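Taken one at a time, structure 1 and structure 2 that follow are two forms of one protein chain, written as structure tokens.
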Structure 1
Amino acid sequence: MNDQNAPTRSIDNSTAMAAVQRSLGKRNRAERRFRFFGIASIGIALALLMVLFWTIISSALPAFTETSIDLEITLPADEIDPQGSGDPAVIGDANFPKYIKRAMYSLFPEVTKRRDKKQLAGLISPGAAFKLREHAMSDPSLVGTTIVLRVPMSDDVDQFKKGQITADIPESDRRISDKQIAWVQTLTDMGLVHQGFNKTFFTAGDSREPELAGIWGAIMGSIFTMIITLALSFPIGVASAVYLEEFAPKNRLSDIIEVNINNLAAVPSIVFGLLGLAVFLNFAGLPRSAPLVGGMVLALMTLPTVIIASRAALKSVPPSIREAALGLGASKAQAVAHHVVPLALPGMLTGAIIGMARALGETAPLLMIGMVAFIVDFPGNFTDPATVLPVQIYLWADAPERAFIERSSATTLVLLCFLIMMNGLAVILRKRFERRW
């Protein structure tokens, strides 16, 4: 009887094994497809990220160079300092743009028509006169002599030398004329035109002239704003997280507070700007466009992120740490302050820096409190008018001159570098203060 059933069992076993093999093959193919789609998704994301970075970098690179010219400038003593006092205040009142124009006219004596002279003088940036003025005021002994000074050329010439404006474009469609292009070529052949690193971009404030515009004022405004943001959001956020996680009773009120904190983390940033406009400016009367107000607004926006990250860091501390401290006679406050918080500190710092990195890139709330104003001077304290890097990008991206477009890309690159540094600092702090148990 058993011998008669043996072939049947063998057939059943082979059928089952074949079904298992088909099932395994189907599952393996599904896993391979899933792995392929995952790798493809990562590859597409990296490719798009590379395209984004390449677009920003290629647009930003021209902003890091400037076009300048060496001019032989005569500073007549009878016009600049008739009394020979050597007083910088007297020297500063002289008509320095006239001496820049004279130097240019001397290079092209054949240019005699008024319109042509105006175009010739337009090859030089208005900032050349300010540079000459500062040079003469810093060294009064130069008055009455002839000096060679390297001064910036106009943004149109700069764009032409960088290849952004080409001569094959019809003259009516470009901002530099055929005559000006010929003069620039002549100056280049004479060895007077140079291209070098654009220090002005990193040392100057905002300007109506692209070749004179810089980001140092925006950097200082961002630093002052971030100091206020960190000084308010970190201690308040950590203290709130410690109370809610370690001391607050678990009741309906604490549940409502927790839900509201989570909801605030998803509120659009412009709402915080409206809140700052209504409370800090209209009600409290604080100064507009000040890093103090900007930092307070960004601190409100950052607080939910800091609180949530700090609570998550506190939850990650094993209960045995608390129980051991309490078992040795420590009070609840001592156990939290001396044992729990130090162990949770890396996560708290990481959350604070990530929140700060988000705040550094915000524009909408700062527009609402007036930090979109045209600010030339550098802020000296927390109440001086200032702007920040994201707002500076917004202002320059809306400008009609192409030179401002490349400067907005360069500022974006600088802002990305700041964000990468802040995220790198978060990783370093986490590794530095991390403890294992």
Structure 2
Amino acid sequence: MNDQNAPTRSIDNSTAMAAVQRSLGKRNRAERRFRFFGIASIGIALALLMVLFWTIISSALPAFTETSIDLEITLPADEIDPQGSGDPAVIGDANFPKYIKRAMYSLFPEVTKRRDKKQLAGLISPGAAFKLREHAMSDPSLVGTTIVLRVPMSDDVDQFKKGQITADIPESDRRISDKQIAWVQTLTDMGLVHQGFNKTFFTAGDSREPELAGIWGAIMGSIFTMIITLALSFPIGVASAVYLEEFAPKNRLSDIIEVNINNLAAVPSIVFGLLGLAVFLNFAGLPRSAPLVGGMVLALMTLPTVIIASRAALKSVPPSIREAALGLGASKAQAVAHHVVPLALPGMLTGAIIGMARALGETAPLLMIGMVAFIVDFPGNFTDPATVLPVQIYLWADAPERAFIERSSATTLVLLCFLIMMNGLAVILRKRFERRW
């Protein structure tokens, strides 16, 4: 071919066009096939998204209702408060589970065997006694009377009422016995059993009993954690973005910082958890399971995101703005502080919100610093032991009771709502302040 003098066989226009004509059908089929692959993959991805949401929503919805019963409970004065003191402290020491049981036994006087009685009492949640105690303590005049109180039923009854457990399953494979099912049926026919909105789920802390467990504690924990994360990562992130974008000299150190930030953004989150465990807990001796430490770890994790987003926002401010300010005799710092940063602020906030949304859903690093403990109380400040929403999802997803799985889905739904709100806010900010230079 390098022989320049070789005669070249020239292909004329008509042969070429004939070849093109011949190839058209095959090529158009290939084109359609390829286009179909593209549509199919998008279809698959979107279908998977739908399946994911459908699974979560369908298994979460039952968790928003609970089953309770109107019990007629006698509070005998001679047992609860023999002296008639009316002192809530005295009343609080009474054996309230006994009165709940008695109320149940009186509904089914034919049940006499010990084992059956135990099963009968098992229809009611242990939380019923606490509710009764609170009720009696808040109004001591009730002692000595018979009251009708709506108390929660056990999670097994709840599951049965929602149809998650059916009578078709062999008795040995389900958590509710034939006898219990019959009793529940009777109670339902008597009109005592109610199904209503599950307020407990939104107001209570964690519990060993699914019907008493709620996410308020986790929500509080998440809020405390996020406050720390935002308070640390936003100012520091913006400050370093401003430095790197506006002031940093082009030297080796700046390059190293730059490479560093990009790599940090891709470090697995669990490694930040290890850092937190080694430095914040073992070295600095900060309290375990505390939102303070969780927030600090998540702040370190979010920092690269905030820096990268803030730098992008600063970059999008055209140089003409800086030049205009400098041209009027402003110092570099004044130009940046008065003109560039305010213009870039919406972009920076958007980045921070998106970083926060990621931090809110993050679980792995928090496991490392002990935020997986079983915590019933609500955290009151930044150093109280706490858990957060995603960890609560993890804890409940592991539980053997179906009712906990249900609550895990419901928590997921709540968490997703928070995330959607945050992302929505970011979108609005972006739309509202978007500028075309």
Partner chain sequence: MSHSVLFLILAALTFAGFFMGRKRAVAQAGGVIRSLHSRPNYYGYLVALWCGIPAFALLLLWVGLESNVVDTLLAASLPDSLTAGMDPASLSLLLNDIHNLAAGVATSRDINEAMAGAADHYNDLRETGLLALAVVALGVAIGGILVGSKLIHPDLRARAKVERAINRALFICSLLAIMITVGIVMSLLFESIRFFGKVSPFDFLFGLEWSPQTALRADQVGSSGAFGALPLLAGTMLISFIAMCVAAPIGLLSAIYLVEYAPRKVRAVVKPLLEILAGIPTVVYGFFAALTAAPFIRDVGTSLGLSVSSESALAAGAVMGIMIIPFVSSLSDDVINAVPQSMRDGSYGLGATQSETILRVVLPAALPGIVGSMLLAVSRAIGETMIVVMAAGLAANLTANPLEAVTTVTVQIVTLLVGDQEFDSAKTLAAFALGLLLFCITLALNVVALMIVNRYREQYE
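Definition used throughout: the rigid core is the maximal C-alpha set that superposes within 1.5 Å between two forms. One-based numbering along structure 1's sequence throughout. Source: prediction; values computed, not measured.
Structure 2, not structure 1, represents the form predicted in complex with the partner chain. Relative to the superposed core, residue 23 undergoes a Cα shift of 2 Å or more between structure 1 and structure 2. If you fit the rigid core between structure 1 and structure 2, you'll see the Cα of residue 428 move by 2 angstroms or more.
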